[in-house]
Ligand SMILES: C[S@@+](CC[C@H](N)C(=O)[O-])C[C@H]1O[C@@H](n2cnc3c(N)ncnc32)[C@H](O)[C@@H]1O
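Just one chain follows, in the form predicted alone, and it is written as structure tokens.
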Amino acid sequence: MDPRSEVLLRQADLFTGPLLLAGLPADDLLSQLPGAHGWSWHAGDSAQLNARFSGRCHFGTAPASGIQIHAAVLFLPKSRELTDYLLTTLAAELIGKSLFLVGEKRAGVERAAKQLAAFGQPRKLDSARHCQLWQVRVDHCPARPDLHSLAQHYELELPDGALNVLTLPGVFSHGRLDVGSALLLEHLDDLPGGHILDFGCGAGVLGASLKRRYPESDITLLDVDAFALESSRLTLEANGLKADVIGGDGIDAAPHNLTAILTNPPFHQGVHTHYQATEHLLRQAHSHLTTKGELRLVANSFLKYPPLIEQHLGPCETLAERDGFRIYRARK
């Protein structure tokens, strides 16, 4: 059981009625709170929860419509801007009712609890398992926020023209281009035509660039995060481009018969560092690629990916190196 869930269950008498759990972990909490429904923006967590608790977890950038709730709990995300959007979205449905915030101390839950003051007088209910639980009665009900109005826009000058990028709160490298993606954008030449995957698409910078450069190819953008998927849709639309945008947890959710997989793979989940998704991609890329299909990946140079690539795919070459990043290429 996630320690944040354990803290909630220490106060289980507060959560007996219809309840919305926002950003909940994929643990056993829903079985302990039979009146609760989940809202998750993590495709993997949502799939696991729905497999165990059919129809009780909604995946998306907003809560499911039509669910009556008497209270809501937000499991603190990493991004302060995303926290603000989520708290405001929940508070808009809870006038006169309770909004709870739970999170790890090292994730900044005490700082985030100050954001509750916009809706009423927050109070700390519990502190255990290196976590805190806060509550506020929503006396000041905000308007439901327009997510798209919160998007940050920037423009990239690329060899084939300017690319408009829109990023939503909580999306990797919000409002700016990260160093690894910038390096990868310089090395998109000579890709095989056909079906190309942007794995871990984020705001859709790579996927949109690929669709513009290879208009005859089918481009699929894949991410685990609902806010990243919506950002990618906004970026594609802003540039008059069309591509498939799909949610899923890792390479197992990707199509087969791909001619290329390109990625600036994620390695953070919340405040924790995770390399499993990338390592699983490297082990399974061959099963999603056609013969002579290509993997092209940018990663921190200290990560020892080449041996794993060569073990599971083929000879690995370094296309470029700069600012602590390397681009690796291998063919099936």
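Bear in mind the structure is a predicted one, so any value in this text is a computation, not a measurement. Quick note: we count residues from 1 along the sequence shown, nothing fancier.
Another form, the form predicted together with this ligand, is not on view; read the next lines as being about it.
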Candidate spot S181, D198 and V205, all three touching this ligand in the predicted complex (heavy atom, 4.5 Å): yes
Heavy atom of E104 within 4.5 Å of this ligand in the predicted complex: no
Residue contact check: D225 to this ligand in the predicted complex, 4.5 Å heavy atom: yes
Proximity of A47 to this ligand in the predicted complex, heavy atoms at 4.5 Å: no
Partner contact for D249 in the predicted complex: this ligand, 4.5 angstroms, heavy atom: yes
Listed residue that, although this ligand is not shown, lies within 4.5 Å of it in the predicted complex (heavy atoms), from F119, W134, Y85, F172: F172
Partner-contacting position among A277, C57, L29, A299 - heavy atom within 4.5 Å of this ligand in the predicted complex: A277
Answer range among 188-196, 105-113, 216-224, 70-78 for contact with this ligand, defined in the predicted complex as heavy atoms within 4.5 Å: 216-224
